[in-house]
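Quick heads-up: it's one chain on its own, the form predicted on its own, in structure tokens.
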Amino acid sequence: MSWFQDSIMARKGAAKGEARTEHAITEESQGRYHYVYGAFAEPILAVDPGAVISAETHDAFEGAIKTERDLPSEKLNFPFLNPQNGPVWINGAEKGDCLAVHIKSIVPRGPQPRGTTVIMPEFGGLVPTADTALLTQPLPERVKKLEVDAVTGVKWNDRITLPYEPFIGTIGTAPEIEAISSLVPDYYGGNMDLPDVAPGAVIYLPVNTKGAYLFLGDCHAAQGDGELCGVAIEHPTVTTVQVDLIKGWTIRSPRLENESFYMTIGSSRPMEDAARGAYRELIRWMAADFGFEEIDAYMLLTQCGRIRLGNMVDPKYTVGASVLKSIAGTPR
């Protein structure tokens, strides 16, 4: 039996993890991609729990950078980055529920070289930015185009080929009243750039408003912890997810489950506050659903908790705190 059959999504979801109707979002049916998370865009699709949705995602630049001669400062219109598919309306979703999204597959699409990474002025983890204002001059702009293949990997050069390890960089639900840039991660999800949001995993997102309004995009072919220069291997994809709805399961921020561990995700600045937020929610989850006493969970995670750095470059940083399933046990 697959671990998914015993996942929280399969046990508590309205569709019990069952794949039901199938839907496709193509570039044509999507029309205008979105750069803001909010409940103010007209949903392009309304689905029931159990729906399987495939989406033709763009790269983070909506295809604007075509060659290594292109300059990001000339081709990109900041902050119009991270185009999002959706929003998708989830029938029956209400504030206080949880949207469960099982990531089934991420497949590269488009002509080669379809991968792109860049150095942009005042963007990245080791350079002065608008938030870290210094007199130091920006690094020179650079574009690197790469061949991306699901089987053979990401060809960096004639010597180095990175494994194809795709994940969804930006996914979330609408905030209740705000309209927030798709560059920003927060309690609703957004631009977390967390490599664990990968095929096979289930991400749990808080529903903040009726219909949930699911957005997703910004898929990466490979990325190291921290997304150091600010840009992973961005690439267009066909990404397929299955959605379910857990009624009355109210969570403060995104959670994730895969075959090996449970994770809570925090986004904040400074980075230690993102880590604190993630660990606090993991402790409270262990107390609420796994039978731990809160202080005991605090002490236990001090010995066995794991931290995963998503990004250290966005307006807020993202950290995932996790515990192995073999340690946490089975949730009630």
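Residue numbers run from 1 along the displayed sequence. None of the values given here were measured: they were computed from a predicted structure.
Beyond the structure shown, there is the form predicted in complex with a further copy of the same chain, which is absent from this document and is the topic of what follows.
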- Query: So which stretch, 211 to 219, 107 to 115, 254 to 262, 226 to 234, is the one near a further copy of the same chain in the model of the complex (non-hydrogen atoms, 4.5 Å)?
  - Reply: 226 to 234
- Task: Check whether residue 152 has any heavy atom within 4.5 Å of a heavy atom of a further copy of the same chain in the model of the complex, and answer yes or no.
- Result: no
- Answer with yes or no whether residue 198 is in contact with a further copy of the same chain in the model of the complex, where contact means some heavy atom within 4.5 Å. no
- Message: So, residue 277 and a further copy of the same chain: in the model of the complex, are they within 4.5 Å at any heavy atom pair?
- Response: yes
- For residue 122, is any heavy atom within 4.5 Å of a further copy of the same chain in the model of the complex, or not? yes
- Query: Would 10, 24 and 287 all count as contacting a further copy of the same chain in the model of the complex, using a 4.5 Å heavy atom cut-off?
  - Reply: no
- Sort through 300, 52, 64, 44 and report the residue having a heavy atom within 4.5 Å of a further copy of the same chain in the model of the complex. 300
- Task: Sequence order please: the residues of 49 to 82 with a heavy atom within 4.5 Å of a further copy of the same chain in the model of the complex.
- Result: 78, 79, 80
